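Only one chain comes next, encoded as structure tokens, the form predicted on its own.
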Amino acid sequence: MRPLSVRDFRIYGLECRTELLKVMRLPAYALPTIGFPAVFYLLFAVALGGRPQDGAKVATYMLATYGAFGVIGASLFGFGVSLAVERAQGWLLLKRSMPAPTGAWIVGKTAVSLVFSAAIVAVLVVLGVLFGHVRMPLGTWARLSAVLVAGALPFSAFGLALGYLCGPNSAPAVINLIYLPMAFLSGLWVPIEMLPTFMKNLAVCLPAYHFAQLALQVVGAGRGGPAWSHVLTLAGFTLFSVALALGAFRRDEGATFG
């Protein structure tokens, strides 16, 4: 593999810029992606947060879980649906024929997932401070933000796999069928302690649960288990997603050129 040149880095930068401009011009993606976690947080963490003396605790807990919910959604929909549509329109075939670094478009889509994840976290932090009365040391804020934004990477890899496995019309439905039940069972909408025992046992098999637990541990509300176990689980999930995406890519390429 040849070393990256200045030209390669310029192409990566242009790919990131064009991907970001593309999604910013699609309010049907940009507004719900940032707005839904914010509205849900205001409704369930602030308006229905319980007694005033407990409100800050609830708002702090749900800042972590709704942050994870928003990041997962931005990654799955931004990667999966976008990729499925571009495959159907022939854009990926065109990009593979261009003299550009392999996977430059993946870097661009990953950058968009990270940018939107950071925007979601920033909005929730502002809402938490202003309306949820969340108070934490600056270092805790920084660690929580870093954990949440980094969580975009494993779910972007899963979105990549879904984008190759699904068609443009089925991708939104398939992603919703995976994303919404997984979010509920992982305790992203309501504390997992409120769920039945069999759901709690099922949650440990879900990547969203381990992502949420990493965020909750930062704010002192983790359910148990060392942080490294959650990190290893997410790393394994990422490798599985990449392997699934590679297999689907080879199948797609074989169907195109076979």
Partner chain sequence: MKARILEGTLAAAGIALMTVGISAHFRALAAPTSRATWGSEATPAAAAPRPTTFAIVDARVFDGTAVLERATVLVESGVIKAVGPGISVPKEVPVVNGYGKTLLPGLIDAHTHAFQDALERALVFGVTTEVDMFTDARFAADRRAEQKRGLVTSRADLVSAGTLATAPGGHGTEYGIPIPTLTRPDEAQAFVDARVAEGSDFIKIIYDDAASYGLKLPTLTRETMTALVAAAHQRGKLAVVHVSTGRAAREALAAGADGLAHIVADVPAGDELVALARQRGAFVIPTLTVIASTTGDTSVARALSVDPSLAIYVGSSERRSLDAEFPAPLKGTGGMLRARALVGALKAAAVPILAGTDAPNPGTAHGLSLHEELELLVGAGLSPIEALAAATSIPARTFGLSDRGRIAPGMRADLLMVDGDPTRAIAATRRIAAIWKGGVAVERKPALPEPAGARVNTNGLVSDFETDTATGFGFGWQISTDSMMGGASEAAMRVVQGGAQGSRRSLEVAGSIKPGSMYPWAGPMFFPGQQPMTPANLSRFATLAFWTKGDGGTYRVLAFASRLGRIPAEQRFVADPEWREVVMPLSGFGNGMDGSDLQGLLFSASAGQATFRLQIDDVRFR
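What you are looking at is a predicted structure, and each value in this text was computed from that prediction instead of being measured. Positions refer to the first chain, counted from 1.
If you look for the form predicted in complex with the partner chain, you will not find it shown, but the lines that follow are about it.
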property	result
T233 within 4.5 Å of the partner chain in the predicted complex, heavy atoms	yes
is_contact(G13, the partner chain) in the predicted complex, heavy atom dist at most 4.5 Å	no
4.5 Å heavy atom contact, P137 and the partner chain in the predicted complex	yes
Contact flag, G225 vs the partner chain in the predicted complex, heavy atom cut 4.5 Å	yes
Residue stretch of 111 to 119, 147 to 155, 129 to 137, 70 to 78 approaching the partner chain in the predicted complex, non-hydrogen atom distance within 4.5 Å	129 to 137
Neighbours of the partner chain in the predicted complex among 216 to 250 [non-hydrogen atom within 4.5 angstroms]	V218, V219, G220, A221, R223, G224, G225, P226, W228, S229, H230, L232, T233, A235, G236, F237, L239, F240, V242, A243, L246, G247, R250
